[in-house]
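Shown below, as structure tokens, is a lone chain in the form predicted alone; questions about how it binds or moves come after it.
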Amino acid sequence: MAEYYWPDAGNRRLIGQRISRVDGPLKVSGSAKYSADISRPGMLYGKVLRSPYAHAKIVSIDTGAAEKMPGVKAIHIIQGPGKVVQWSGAEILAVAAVDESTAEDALRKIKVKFEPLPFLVDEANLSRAGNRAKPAADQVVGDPDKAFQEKDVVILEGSYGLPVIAHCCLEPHGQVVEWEGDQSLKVYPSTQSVSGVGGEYAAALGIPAGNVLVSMQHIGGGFGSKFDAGPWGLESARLAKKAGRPVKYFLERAAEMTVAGNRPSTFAKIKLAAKPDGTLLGWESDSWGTGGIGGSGIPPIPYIFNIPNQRKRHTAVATNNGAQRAWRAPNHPQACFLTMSALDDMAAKLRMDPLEFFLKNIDLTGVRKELYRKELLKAAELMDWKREWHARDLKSTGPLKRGLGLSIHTWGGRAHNSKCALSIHPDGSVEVNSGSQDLGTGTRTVMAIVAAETFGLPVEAIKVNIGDSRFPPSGPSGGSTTVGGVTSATRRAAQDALAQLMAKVAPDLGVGPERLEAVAGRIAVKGDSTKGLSWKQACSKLGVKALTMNGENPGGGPLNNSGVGGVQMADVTVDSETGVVKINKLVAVQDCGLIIDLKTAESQVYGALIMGIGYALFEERIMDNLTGRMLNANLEFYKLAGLGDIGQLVVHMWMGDKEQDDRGVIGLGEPPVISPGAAISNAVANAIGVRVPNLPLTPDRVLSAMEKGGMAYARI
């Protein structure tokens, strides 16, 4: 077996540099074609009739008037009489028509009778959940009762919470579907799984998996919500088959916000015990939350800090809301906010600098304790923490209050299974094909960098083709697994292809292939760059047939790994008269092993920080307890961060040391989105002297917390 490896730091021309995305010009010029841009001959437009009730039984459906309308080509009932819908927005039936307005008119002519049933859409008050609350068994570590009874123990009690938030992909969920006969289907979806989603269509529609062609060149956001076909995809395929014509259906914004996935809420009552010197002793928590009718999973609390004595209880609350879907770093932002808020409050009660408090307990963070220590000190340097931090002060003068906060986080990021086919053509051109997708990580770019690095070529000499299920399969883009998977597969294919090419060239140069190297557009003898061939001359030795090698991850060699740590610090100003929070500066220090493209790596962190500011300050699903409907299912009242809300973002990638490089590539998309909520919330508490217990930190919540005077420790 060949030995697969990344080039040493001194031998890298491209890996680790700031390289612009190869598809950047297409996107900024508007030339990039997203699935929502696809138009097929004779294409119809789909629309879905949705339940207005959060919980109801369907009594009857009358589609007669709609069926007679000119331009209506197919109607398909998804849930018929006798079925029970579990949330407002649930799919009842689908219509395909010659244009969207005709389809919408048809929906208005359809008569559905419902029998409304009792519902629950608000889980924040657990006492109102009744039998919808499903408590799990207690989890106990050590002896928490003893820990809380230690002599001179300091006890902190607090309540914290994050609401449900919605996925806000600019390109909504949807697809264009087109049948060829009765057994072959083409799908142009917005998906995070080009290689995998076809199998779902095949299983649901009863056709061979090989008969489903999936094609997608670009995606307008996914964040974990676009792995499966969804009912909108499968029902569009059924509509298209009924109508005998292609059907296009992308969710309307209201449907996107209500049924296309959400990040579950988590609330918790937390009790901490520590020695007067800050040593953590005990943790108790009662947590609850929901992601919809299925409730929610147990958050990984206490987060990162393995406090020696613990008692945890979690209650999943089943609500009549659209179901949860993975949202960038599932469960970690919630666990991070709950834990880091409580730890920050304990530091305040002990009159300790939270940086000092975290460093004192850093050994509880496990295998990455030394990395966290170094990252905390680096972040403190970038934030000028020692000079700018102050203790919480309820008596400071002036309306503008400034404060600092910090948080730490972790993630796995191990590379997914991935395959590619790399071809070197006799004319010297190189292309790499993979059934992957670019969720925003720069998939094409990192694959091109790896191939170009291996062959001693410029990045633009490599053509990367992705987004087609006919290419070698690659895993779904989720869990920060894509870059590690596709680059490892590409590196293995490139090393094998280069070895084959050198074997072809070596006789002409009178040396063994082991004495050759690819550098600066040449295949040359090591130590004698004058003795060699240009890349094109070398490739001409292939004759008339391309040299194609397959690469696969996992495979030989230490090309990727898992497990990262990161630190973030926030500097905020709070207007105590209006309650408005302004981000002055957000610092992120993040590791991710070997970095392939520093520019796209930093871009991942910048994007995560912006997303984090959004959920820290603005994002919240608001439900109506009377109707069971979402009140802000639009981008007018579901607030996102704008350019004026961002402040200064400082990103420091932990790179350049051999320890990180030797780990290989590790995923980056998830980890930096975990800490912003906690860091910003802690900074606000530092600024105004009291904890605002729930995100988002809206002006009304800030003013309410200040009016109430915060938790008990703030009144000592």
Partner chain sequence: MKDEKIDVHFILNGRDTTVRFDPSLRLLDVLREELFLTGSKEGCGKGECGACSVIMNGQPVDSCLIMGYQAEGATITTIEGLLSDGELHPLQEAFIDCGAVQCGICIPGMIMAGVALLDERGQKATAGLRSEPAELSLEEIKYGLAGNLCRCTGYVKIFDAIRQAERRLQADQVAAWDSGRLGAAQANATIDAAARERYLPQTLDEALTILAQHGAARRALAGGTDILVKAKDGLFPTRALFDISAISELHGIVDQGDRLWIGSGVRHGEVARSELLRLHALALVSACALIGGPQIRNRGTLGGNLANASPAADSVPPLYTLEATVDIVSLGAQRTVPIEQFFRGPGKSILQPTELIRGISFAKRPNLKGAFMRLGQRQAQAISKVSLAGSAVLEGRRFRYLRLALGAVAPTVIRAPQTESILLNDDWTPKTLRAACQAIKQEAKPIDDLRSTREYRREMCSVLLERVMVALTGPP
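Numbering follows the first chain given and starts at 1. Only a predicted model underlies this, so the values are computations on that prediction, with no experimental measurement involved.
FYI, the form predicted together with the partner chain isn't displayed, but the following is about it.
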{"item": "All of 309, 693 and 706 within 4.5 Å of the partner chain in the predicted bound form, heavy atom check", "value": "no"}
{"item": "Contact of residue 658 with the partner chain in the predicted bound form (heavy atom, 4.5 Å)", "value": "no"}
{"item": "The partner chain contact in the predicted bound form: residue 99, any heavy atom under 4.5 Å", "value": "yes"}
{"item": "Partner proximity in the predicted bound form: residue 167 to the partner chain, non-hydrogen atom cutoff 4.5 Å", "value": "yes"}
{"item": "Heavy atom of residue 606 within 4.5 Å of the partner chain in the predicted bound form", "value": "yes"}
{"item": "Contact residue in the predicted bound form, from 375, 619, 284, 453 (heavy atom within 4.5 Å of the partner chain)", "value": "619"}
{"item": "Contact assignment for the partner chain in the predicted bound form, among 76, 639, 275, 132, heavy atom within 4.5 Å", "value": "639"}
{"item": "Which of 48 to 56, 659 to 667, 684 to 692, 646 to 654 lines the interface with the partner chain in the predicted bound form (heavy atom within 4.5 Å)", "value": "646 to 654"}
{"item": "Contact set, 20 to 42 vs the partner chain in the predicted bound form - heavy atom within 4.5 angstroms", "value": "20, 21, 24, 25, 27, 28, 29, 30, 32, 33, 34, 36, 37, 39"}
